[in-house]
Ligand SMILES: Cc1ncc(COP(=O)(O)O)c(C=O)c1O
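This document starts with one chain, in the form predicted on its own, laid out as structure tokens.
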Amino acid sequence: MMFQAINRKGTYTTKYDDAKKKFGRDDLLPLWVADMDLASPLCVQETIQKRAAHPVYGYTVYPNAYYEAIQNWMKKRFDWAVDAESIVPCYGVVPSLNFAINAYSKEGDGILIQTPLYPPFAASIKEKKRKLLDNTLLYKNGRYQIDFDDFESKAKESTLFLLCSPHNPTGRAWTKEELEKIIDICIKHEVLIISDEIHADVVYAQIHHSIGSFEKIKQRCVILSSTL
């Protein structure tokens, strides 16, 4: 299959048209934002065009097929059986992150993260007036690792743990053993896990293990997922 890059300059795209405002120059290679310059698949274009051809853009229900598609994909791709009742449509991962912080913590509560990390995690914690606790990842032998002693120490002060799995920006796909250890510590200290798993579908050489697939934590976690 051949892909053709598309020139997006002048189309009000943040990636290019906002570069001058953000960095003071517009001759940079914009690797700072997760945004493709390749066309969406033809089937996606045709489906959107077909819907757009209907002239009324009113409120829309989520059909059973929507939930079935998610359930089938999670089972096929990650061997994770998800109840339709557990699937809650939302408007994006960052809004969902903020909703979860509001719903499951209060001002002053400790929220644990692992830096380096996608900036909206820390920004959301500070905006909601929670206490940011950083379990900084350790870089050893060309690989980012978790400092579990520090993790448990800070879990004792935490209400929530905002997990990024696979991790952005380090690219780590956490092993089953690492996730088991995270889960055991969070259960021990009654910490709710909010897991951002939007990059799960780009894990190939390893296996992505969703936090939701671990039986012992399934009632104490929120999984944030999205199409890529």
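Please read all numbers here as calculations on a predicted model, not as lab measurements. Throughout, we count residues from 1 along the sequence that is shown.
Here the subject shifts to the form predicted together with the named molecule, a form of this protein not shown in this document.
Chemist: Choose one stretch from 179-187, 195-203, 58-66, 36-44: the one whose residues place a heavy atom within 4.5 angstroms of the named molecule in the predicted bound form.
Modeler: That would be stretch 195-203.
Chemist: Using a 4.5 angstroms cut-off on non-hydrogen atoms, would residue 122 count as touching the named molecule in the predicted bound form?
Modeler: Taking the distances in the predicted bound form, the answer for residue 122 is no, it never comes within 4.5 Å of the named molecule.
Chemist: Even though the named molecule is not shown here, does residue 95 get within 4.5 Å of it in the predicted bound form, heavy atoms only?
Modeler: Although the named molecule is absent here, residue 95 would touch it in the predicted bound form, with heavy atoms inside 4.5 Å.
Chemist: Is residue 78 one of the residues lying within 4.5 Å of the named molecule in the predicted bound form, judged by heavy atom distances?
Modeler: Residue-level check for residue 78: no, no contact with the named molecule.
Chemist: With a cut-off of 4.5 Å between heavy atoms, is residue 159 one of the residues that contacts the named molecule in the predicted bound form?
Modeler: Close contact is absent here: in the predicted bound form, residue 159 is far from the named molecule, nothing within 4.5 Å, heavy atoms only.
Chemist: Residues 114, 146 and 151 are flagged as a possible site; in the predicted bound form, is every one of them within 4.5 Å of the named molecule by some non-hydrogen atom?
Modeler: The answer is no; none of 114, 146 and 151 reaches the named molecule.
Chemist: Any residue of 157-188 with a heavy atom within 4.5 Å of the named molecule in the predicted bound form counts; write them all down in order.
Modeler: The stretch 157-188, when checked against the named molecule in the predicted bound form, contributes 164, 168 at the 4.5 Å heavy-atom cut-off.
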